[in-house]
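Only one chain is given next, in structure tokens, and it is the form predicted alone.
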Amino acid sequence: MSQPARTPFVAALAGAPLPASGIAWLDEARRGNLEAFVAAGLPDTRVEAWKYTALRALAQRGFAAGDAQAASRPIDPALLALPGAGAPALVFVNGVFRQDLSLPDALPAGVSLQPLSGVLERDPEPLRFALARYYREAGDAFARLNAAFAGDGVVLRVEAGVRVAAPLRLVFVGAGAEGDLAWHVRNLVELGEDAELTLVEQHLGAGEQGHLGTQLGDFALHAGAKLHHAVLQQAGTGSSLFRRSHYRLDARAQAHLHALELGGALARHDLCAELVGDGAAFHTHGAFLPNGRQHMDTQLAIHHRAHDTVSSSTWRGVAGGRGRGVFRGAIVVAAGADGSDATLANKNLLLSPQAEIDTKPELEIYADEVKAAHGATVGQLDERALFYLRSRGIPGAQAHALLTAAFARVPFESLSHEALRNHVEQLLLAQLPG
């Protein structure tokens, strides 16, 4: 079987030098993942996971590998401000750690937070299982790229029993450069038994740029651990951002994810959760708001593999202009995972005739005594609700704005951090028309 012709995208990255770590197993994994990427190229719409996200335009672009000037790119401190969340613990610019913008020492006892580059220099062996992984599925192009090129990122560990009161914040900035470039970060987060953490992850854009960014994140929650994870994606308007987050939950562990997708010309987030311990719980709440010509794709896959596990997912999509949104929510209850309770709801709103949202809920059950439900809708604002507001003297445009805002903010009503919830609502209002 012949290999696909190399597109400019593949050709540019195929010839780029890999980061040299001097660690035999890591360098071997990087070479293997790059070879797999070059052999397969970018996935097309015949791959089920990419059915609604075409990469033809991206395939014709070339990106330089990395940013040699990332350590000195000027960043406006106001860009990094987040009300109520304190200063950022770690900041990365075009995939490179910026100590001058970070506060890595202001950490409570029992918490270790380091850039990946530093851990690889001092003690890489504990990371071998995660970083030596090969990605073999047909749609894994960007995971392969990340595994090949990521030389920096986050290594965060919370010791058993430690409960961190204040949120920790990680910021990833795509900054303007002399040309379009590709940057990659790799994040590893581990919570010990009965540990608790609130983690805020931001993706921001600074200046005009059309960069490609990839991120791989592994979240390991041991027995009884609890993670509150908020993701605010406001990437640059011309950028392409591909992320994959994998959560593994042991017995009684809980993860609560709130995600807001606002930025990027092309943005995709693959979310995968494996509930491998009895009584584990995974709750996701999110909204995506493509506007103009933005394309946003969220792929959610939750696997129940143990007894009495729970998952719930509430997602909203709002598309305006010629924006396009994609949402796939897949729940799999494995054989033997009796007592599982899974629900998923995705409601979507189209604000213009040219907007489009494709939604695909999936449910596979291989166990007995399971409670599960899923559903999805795509439509426009309720004319009866609009008529009611207008009959009470509210102008038409304001009535549209009020109903749209109320629709979009539903997933964030469960966000317990008040200042962060208020900030999210302000971001929503700024993105919505009217």
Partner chain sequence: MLTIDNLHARVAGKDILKGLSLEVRPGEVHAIMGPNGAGKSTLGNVLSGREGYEVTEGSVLFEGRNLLELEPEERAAAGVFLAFQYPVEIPGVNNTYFLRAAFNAQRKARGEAELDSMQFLKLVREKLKVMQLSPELLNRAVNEGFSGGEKKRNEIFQMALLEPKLAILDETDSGLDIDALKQVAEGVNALRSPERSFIVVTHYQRLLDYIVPDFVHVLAGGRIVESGDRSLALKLEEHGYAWVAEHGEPAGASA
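Residue numbers count along the first chain shown, from 1. Keep in mind the model is a prediction, meaning the values are calculated, not measured.
Below, we turn to the form predicted in complex with its partner chain, even though it does not appear here.
Residue 390 is the only one of 31, 51, 374, 390 with a heavy atom lying within 4.5 Å of its partner chain in the predicted bound form.
Taking a 4.5 Å heavy atom cutoff to its partner chain in the predicted bound form, the contact residue among 365, 68, 59, 403 is 403. Partner proximity in the predicted bound form, defined as non-hydrogen atoms within 4.5 angstroms of its partner chain, places exactly one of 379 to 387, 366 to 374, 34 to 42, 59 to 67 at the interface: 379 to 387. In the predicted bound form, its partner chain sits within 4.5 Å of a heavy atom of residue 413. By the criterion of a heavy atom within 4.5 Å, residue 394 is counted among the residues contacting its partner chain in the predicted bound form.
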